[in-house]
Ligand SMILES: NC(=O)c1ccc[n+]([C@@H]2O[C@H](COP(=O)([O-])OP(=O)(O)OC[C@H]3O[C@@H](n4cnc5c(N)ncnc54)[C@H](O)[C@@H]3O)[C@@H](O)[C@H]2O)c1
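As a starting point, one isolated chain is supplied in structure tokens, in the form predicted alone.
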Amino acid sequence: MAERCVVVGAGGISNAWFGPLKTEGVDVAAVVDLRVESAQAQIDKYELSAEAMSDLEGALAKHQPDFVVDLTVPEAHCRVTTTALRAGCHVVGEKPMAASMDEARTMVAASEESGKLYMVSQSRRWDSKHERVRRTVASGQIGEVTTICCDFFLGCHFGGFRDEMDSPLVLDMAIHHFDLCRFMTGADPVAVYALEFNPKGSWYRGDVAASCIFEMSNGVVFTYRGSWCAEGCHTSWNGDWRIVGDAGTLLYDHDQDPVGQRVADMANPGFHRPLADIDVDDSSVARGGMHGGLYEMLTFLRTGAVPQTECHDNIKSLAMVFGATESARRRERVVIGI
């Protein structure tokens, strides 16, 4: 029997979810939105036999879904997710997990108390090249990781709400890069020193650029430099990465295949030791982006295998975001608490 879900939120991001839901044969019982006409429009667009509703509690009581897909704005994530968990539903939700660490902790507690799983869809984890980076690092070819660097520079003229945010880059985008750092290396955050600023000539009201130095587990240092107000010579949306180990280095730039070099002879006394190319993993991801997150939820429902972005893990990526904004505000090093 097909799994049944209720989708909450019929905005633009829902277009990335309804296709995979249909592909996987999920029974979408209801689409809930504050604007019922928006819910109905998506039901019609994707030819779903779902009910358009505006009452979340009513939808859960009537349709008793196996899981809920939370596609609401970040400020609504806590209410929607805790309501669904307490109604006995598992939840997969869009990033970021919550609009504050207090809300995130409330959501984790609701998952524990209800005995239901809550996972966050960090879509960039389900990408073949990111998986290759992760597996290559895990193979030990570059040795123990010591240093991670990510550059992210784009000139983005969004218009709308991002232009008015206090911290558009860190709050709206950097969560992807912070989570990728953890995913690709296995390192977790310990502390951060960050500077947010608004460059000369910026068309944003808030601080749209940032430089962050994260102290990670096992003595690893992660340096992040980014801006949404950088015209010319753009990086990839995924960022340009350098991962340094005590025996070699791996590069991942402009969405090209990762490449790297390792020391070929550790005993060589020369000024530069001889190097050899790294054998980069060639794995592929069958279901990318949001589809990958959905499939991990379905796999959990079918087998009990816990998704990699289950809330107890994903809150660590969110903590990097709020640790960075707190450090920038206080102009001092901040210990990252979960």
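Computed from a predicted model, the values in this text were never measured in an experiment. For every residue, the number given is its place in the sequence shown, counted from 1.
A second form of this protein, the form predicted together with the named molecule, is not displayed here; the remarks below concern that form.
Asks: Only one of K45, R35, R273, K62 gets a heavy atom within 4.5 Å of the named molecule in the predicted bound form. Which one?
Replies: That would be R35.
Asks: Let me know the one among P96, G226, G260, P168 whose heavy atoms come within 4.5 Å of the named molecule in the predicted bound form, would you?
Replies: When the named molecule is considered in the predicted bound form, the option within 4.5 Å is P96.
Asks: For the named molecule, considered in the predicted bound form: do all three of A191, E196 and R330 come within 4.5 Å of it, counting heavy atoms only?
Replies: Not a single residue of the candidate spot has a heavy atom within 4.5 Å of the named molecule in the predicted bound form.
Asks: May I ask you to check whether H77 falls inside a 4.5 Å heavy atom distance of the named molecule in the predicted bound form?
Replies: Residue-level check for H77: yes, a contact with the named molecule.
Asks: Would V208 sit within 4.5 Å of the named molecule in the predicted bound form, counting heavy atoms only?
Replies: Although the named molecule is absent here, V208 would stay clear of it in the predicted bound form, with no heavy atoms inside 4.5 Å.
Asks: State yes or no: in the predicted bound form, is some non-hydrogen atom of S123 no more than 4.5 angstroms from a non-hydrogen atom of the named molecule?
Replies: S123: yes, in contact with the named molecule in the predicted bound form.
Asks: Under a 4.5 Å heavy atom criterion, is T185 part of the interface with the named molecule in the predicted bound form?
Replies: Residue-level check for T185: no, no contact with the named molecule.
Asks: Can you pick the stretch from 216-224, 136-144, 68-76, 104-112 whose heavy atoms fall within 4.5 Å of the named molecule in the predicted bound form?
Replies: Among the candidates, contact is made by 68-76.
Asks: Can you list, in sequence order, the residues from 170-209 that come within 4.5 Å of the named molecule in the predicted bound form, counting heavy atoms only?
Replies: Read in sequence order, the residues that approach the named molecule (within 4.5 Å, in the predicted bound form) are D172, H176.
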